[in-house]
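Quick heads-up: it's one chain on its own, the form predicted alone, in structure tokens.
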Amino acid sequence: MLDYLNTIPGALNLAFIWCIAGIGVYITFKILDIPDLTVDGSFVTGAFVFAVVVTNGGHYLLGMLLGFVAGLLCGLITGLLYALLGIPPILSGILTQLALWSVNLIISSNRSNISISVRNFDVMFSQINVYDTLWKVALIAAILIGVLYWFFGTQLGCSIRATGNNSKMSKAHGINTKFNVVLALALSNGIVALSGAMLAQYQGFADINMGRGAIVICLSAVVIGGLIFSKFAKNFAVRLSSVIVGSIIYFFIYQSVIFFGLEANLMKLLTAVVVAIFLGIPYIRRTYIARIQKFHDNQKMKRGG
């Protein structure tokens, strides 16, 4: 049991790092109702940009900033494919993600893996010191939520939320909905890339495959957290914070099943099952449980009559 408890800080660190990417996905998936698949590529872009900057003598803050900017550009490309060429956002994301595989290899000078060992380079945090990492990644997540809460309360942020709620009505009120979608896609992927840069320095390397399945992990955090905090859905800050809780629950499940002997190769299957269950719960509530409740109500009325 003590060995299991020792794994908890590491799981929390991963949860806070990945919740950053989850918050980015929340912007497109929940606010705009767009499942943006760019993130599998932009996550790696942020990691590789950070690795290249740091390994060439740059400061880790500069690496994180440039990783964020690179992610903005990734999302911008997806948005422009949608806005200028009329390609549906989900297909635009797939095309950008496909292109980013080659772009990421160009950034890394055709290296599939770049080492960023804390023993050789100056980084903000590392898995060598999990407790020092924990308060730093938690603080970054809290600051991000605060900034986004402020931004989506501004006129521009509210117009983005209005676009997601009803794009036709927003357009009728003079809101440039295409611009809002492009901006949201760029912001989302910038945040995802920042998460990639954080994970690269935490684990000590950037790898071309580290973003594979990123969209599923992020959706897990968004869906699980959203379901748990569904009663508090009106408060935007709480909805953003729910991603943190969802990410923590996901990585506790992940850490537990690995610790107690499940093969790592089965984790993708487990993740898919967990996401499917949590995505299906609202439908089950609306459909089957409502029917059962209606049946019981009818039976009570018959007995009463």
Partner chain sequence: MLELKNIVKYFNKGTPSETIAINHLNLQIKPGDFVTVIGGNGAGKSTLLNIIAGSVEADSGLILLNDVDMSFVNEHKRAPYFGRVFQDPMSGTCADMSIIENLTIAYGRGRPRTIFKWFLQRKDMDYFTQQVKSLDLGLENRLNEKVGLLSGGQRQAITLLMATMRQRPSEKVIKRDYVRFCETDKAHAKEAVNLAFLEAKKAKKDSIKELKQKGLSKAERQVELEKINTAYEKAISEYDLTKQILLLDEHTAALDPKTASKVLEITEKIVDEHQLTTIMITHNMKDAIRYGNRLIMMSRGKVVVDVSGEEKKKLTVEHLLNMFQVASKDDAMSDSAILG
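Numbering follows the first chain given and starts at 1. Remember, it's a predicted structure, so these values are computed and weren't measured experimentally.
Below, we turn to the form predicted in complex with the partner chain, even though it does not appear here.
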Checklist entry - Considering the partner chain in the model of the complex, which of 120, 129, 166, 112 comes within 4.5 Å of it through any heavy atom? => result 166
Checklist entry - Which one of 182, 81, 175, 208 is close to the partner chain in the model of the complex, taking close to mean a heavy atom within 4.5 Å? => result 175
Next on the checklist: Can you work out whether residue 159 and the partner chain are in contact in the model of the complex, taking contact to mean some heavy atom pair no more than 4.5 Å apart?
Outcome noted: yes
Checklist entry - Might residue 213 be said to contact the partner chain in the model of the complex, defining contact as any heavy atom within 4.5 Å? => result no
Next on the checklist: Considering non-hydrogen atoms and a 4.5 Å limit, does the partner chain approach residue 153 in the model of the complex?
Outcome noted: yes
Checklist entry - in the model of the complex, does residue 171 have a heavy atom within 4.5 Å of the partner chain? => result yes
Checklist entry - Which of these stretches, 144-152, 68-76, 193-201, 100-108, has heavy atoms within 4.5 Å of the partner chain in the model of the complex? => result 144-152
